[in-house]
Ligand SMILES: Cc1cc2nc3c(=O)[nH]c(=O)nc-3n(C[C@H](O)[C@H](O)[C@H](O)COP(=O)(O)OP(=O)(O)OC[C@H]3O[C@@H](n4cnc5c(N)ncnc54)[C@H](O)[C@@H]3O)c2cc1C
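Encoded as structure tokens, the following chain is the form predicted on its own, with no partner shown.
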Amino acid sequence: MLDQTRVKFDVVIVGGGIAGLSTALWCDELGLSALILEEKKELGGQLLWVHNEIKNYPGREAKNGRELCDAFLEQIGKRQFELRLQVRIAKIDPEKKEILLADGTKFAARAVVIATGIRRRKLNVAGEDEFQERGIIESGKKNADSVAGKKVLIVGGGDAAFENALILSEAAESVTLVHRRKDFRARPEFTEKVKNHPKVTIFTETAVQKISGGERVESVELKNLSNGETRKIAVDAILIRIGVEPNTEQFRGTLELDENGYIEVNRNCEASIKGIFAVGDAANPLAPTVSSAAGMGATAAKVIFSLLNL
């Protein structure tokens, strides 16, 4: 489709999570015109995944991520910036600092801030896409009532997998935890409780091969990775917690990424091309927190202000 519009801003922010919102807030604070492009129908990013209490964000606690997000949105709503929701980006040209949308609209900027965040890693097995919201659940905290009296399978070996095993075991008939490796990444405070829980069965060195069912999930096929044996077990619900990965595929080959796909940045949040910045979880694999996302957004905006006003 041919370009319909070409609008220029001081800063175009790709992503409307906390890092992107913080960048926009500070752009307004510094008198920079800014545009946020967000592919989802609402702002908030990964914060909307958080269903547990938040007690470690300085200055404010929240009963869940959405409550904290609403507080951010109330504050950011008083600021001046442009916003486009539910947009699909067709192409980003880091060298020219141009973003082309699928509808042909083109935006140009003096600086681009990438705040695309992360997503939960998938198993990539048969049935995984088919049974989303039909047995594959989003969160132990959010979906605890829906698994009452049911057989639950949890995939993963970190804190999230073990913590959810404890949460779901309160209502479920049984919980089976499956992990590809022999050892776990989870903290001892979680592993010891789960290992000793009467409702929980653990399979190590085991992988999910297939998810099956009718209207909803009914069973999974498991493979023992040490001896190759397979087994099929009945389950009613599945929770997948095998880590996360950054939403950075479109920058591979143009920006420097680390071995896991996270954008490499310096202490000023600058990426490998001049005028391109990356903030939040997509550029911060070691400290993906609300605090660091907000701080990186502020840093990028202040550095951009300094560079544009030299």
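Quick note: we count residues from 1 along the sequence shown, nothing fancier. What you see is a predicted model; the values in this text were computed from it and never measured.
The same protein has a further form, the form predicted in complex with this ligand, not shown here; the description that follows concerns it.
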{"property": "Contact assignment for this ligand in the predicted bound form, among 39, 270, 67, 28, heavy atom within 4.5 Å", "result": "39"}
{"property": "Partner-contacting position among 231, 96, 181, 120 - heavy atom within 4.5 Å of this ligand in the predicted bound form", "result": "120"}
{"property": "Residue contact check: residue 295 to this ligand in the predicted bound form, 4.5 Å heavy atom", "result": "no"}
{"property": "4.5 Å heavy atom contact, residue 89 and this ligand in the predicted bound form", "result": "yes"}
{"property": "Close approach of residue 49 to this ligand in the predicted bound form, 4.5 Å, heavy atom", "result": "yes"}
{"property": "4.5 angstroms heavy atom contact with this ligand in the predicted bound form for residue 18", "result": "yes"}
{"property": "Those residues of 281 to 298 which, in the predicted bound form, come within 4.5 Å of this ligand by heavy atom", "result": "281, 288, 289, 290, 291, 293"}
